[in-house]
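There is one chain below, alone, in structure tokens, taken in the form predicted alone.
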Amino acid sequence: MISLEKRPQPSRLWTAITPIFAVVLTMVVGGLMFALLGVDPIEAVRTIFWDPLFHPQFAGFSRPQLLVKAGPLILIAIGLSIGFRAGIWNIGAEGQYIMGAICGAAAGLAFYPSESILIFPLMILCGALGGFLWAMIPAVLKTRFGTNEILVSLMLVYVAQNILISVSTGLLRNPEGMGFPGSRNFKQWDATHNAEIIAGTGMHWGVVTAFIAVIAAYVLMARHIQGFNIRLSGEAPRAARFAGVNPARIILLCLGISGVLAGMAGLFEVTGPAGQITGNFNAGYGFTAIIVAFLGRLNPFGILLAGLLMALTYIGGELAQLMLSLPGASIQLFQGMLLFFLLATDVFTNYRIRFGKREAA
């Protein structure tokens, strides 16, 4: 008989190695999927994980893109991880990302064509505010009426997507765009362009903010009393209440931080790589960041590495679609396998397998 026996306490070894197992299993099962699609699995996995970094033909372009793709993933995942540590499940970061981009872009466009150096900082603040206010909707509903933050935050993503389509064809549409949907191009406006700080590296202000967020999250969670309260609320809610921790305050704090970081990620993306508000501006970073958060074990530095790995699958996936004619859906499925196998192998953190005969009744 095979059974699962609960460990007295979570295994530190399995906690450390399950992300590695998840990546290896994803490569193996993903390779089988690619083989069924008629593509050499070894070549496909090499194209995704190796060629963007080391192939002489592609590395020059792909390496800077690694930071460009990783920036918003890390920034959003850091905010999500703080809530997840407290047992608050914000699944709507994609909506907060979109609303941050809309609010920040609107603030900048209101001053067109001014070249004031104050416009970009104002856009960052408005982007953060937009994400914060959108996150406060599920936060307030949960604290006042006990609603489920998973459902509310997720449903708000679709509301944000419709608002995005509406403003890109209406309120924020470029009046000089000959009727085409989309805002003015921020890359053509120096005061609002989130350009590379060091040319050819992919390092823009969004990436810098992501690195700062990693350090700040570590200090908060490991060195600050508020981080202790957050962890206690997630691990032992009753003990947290007895210790005087206010659950409503923790909910507002965690969702607020998550909304601010997601909104800033949206603003940095729309003023940098994306360049403008369009109906298909959102690239799914808010959902992918959930995978990044768990792959990084909800640890800020783990999230930094997981964000770089997930960014590599984005770049390598695009390269595989181009070079091997793989469908885009297969790359999305490949990325989803990471979370699936992480959750599957995570069972062994809290349980061990026992082999033996069934006892007689």
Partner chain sequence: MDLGSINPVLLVASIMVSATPILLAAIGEMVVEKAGVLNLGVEGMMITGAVVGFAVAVTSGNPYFGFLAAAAASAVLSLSFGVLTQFLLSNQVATGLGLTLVGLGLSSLIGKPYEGMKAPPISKVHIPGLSDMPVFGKMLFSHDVMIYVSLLLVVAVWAFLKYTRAGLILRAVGESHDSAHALGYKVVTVRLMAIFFGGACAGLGGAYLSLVRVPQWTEGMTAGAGWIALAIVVFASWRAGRVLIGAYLFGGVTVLQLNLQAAGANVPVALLSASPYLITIIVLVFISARGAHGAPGSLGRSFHASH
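These figures come from a predicted structure and were not determined experimentally. Residue numbers count along the first chain shown, from 1.
Only in words, not in the display: the form predicted in complex with its partner chain, which the text now covers.
The shortest heavy atom separation between Y112 and its partner chain in the predicted bound form exceeds 4.5 Å. Put simply, S166 is close to its partner chain in the predicted bound form: some heavy atom of it is within 4.5 Å. When its partner chain is considered in the predicted bound form, L32 lies well away from it, no heavy atom lying within 4.5 Å. Taking the partner from elsewhere, F58 is found to have every heavy atom lying beyond 4.5 Å of its partner chain in the predicted bound form. Of the listed positions (L37, L53, M323, V28), a single one reaches within 4.5 angstroms of its partner chain by any non-hydrogen atom in the predicted bound form, namely L37.
Shown without its partner, this chain lists Y218, F211, F228, Y158 as candidates; in the predicted bound form, only Y158 has a non-hydrogen atom within 4.5 angstroms of its partner chain. For its partner chain in the predicted bound form, the listed stretch (69 to 77, 137 to 145, 170 to 178, 256 to 264) containing residues with heavy atoms inside 4.5 Å is 137 to 145. No member of the trio A86, N299 and L308 reaches its partner chain in the predicted bound form with any non-hydrogen atom inside 4.5 Å. Using a 4.5 Å cut-off on any heavy atom, the residues of 272 to 307 that reach its partner chain in the predicted bound form are, in sequence order, F287, I290, I291, F294.
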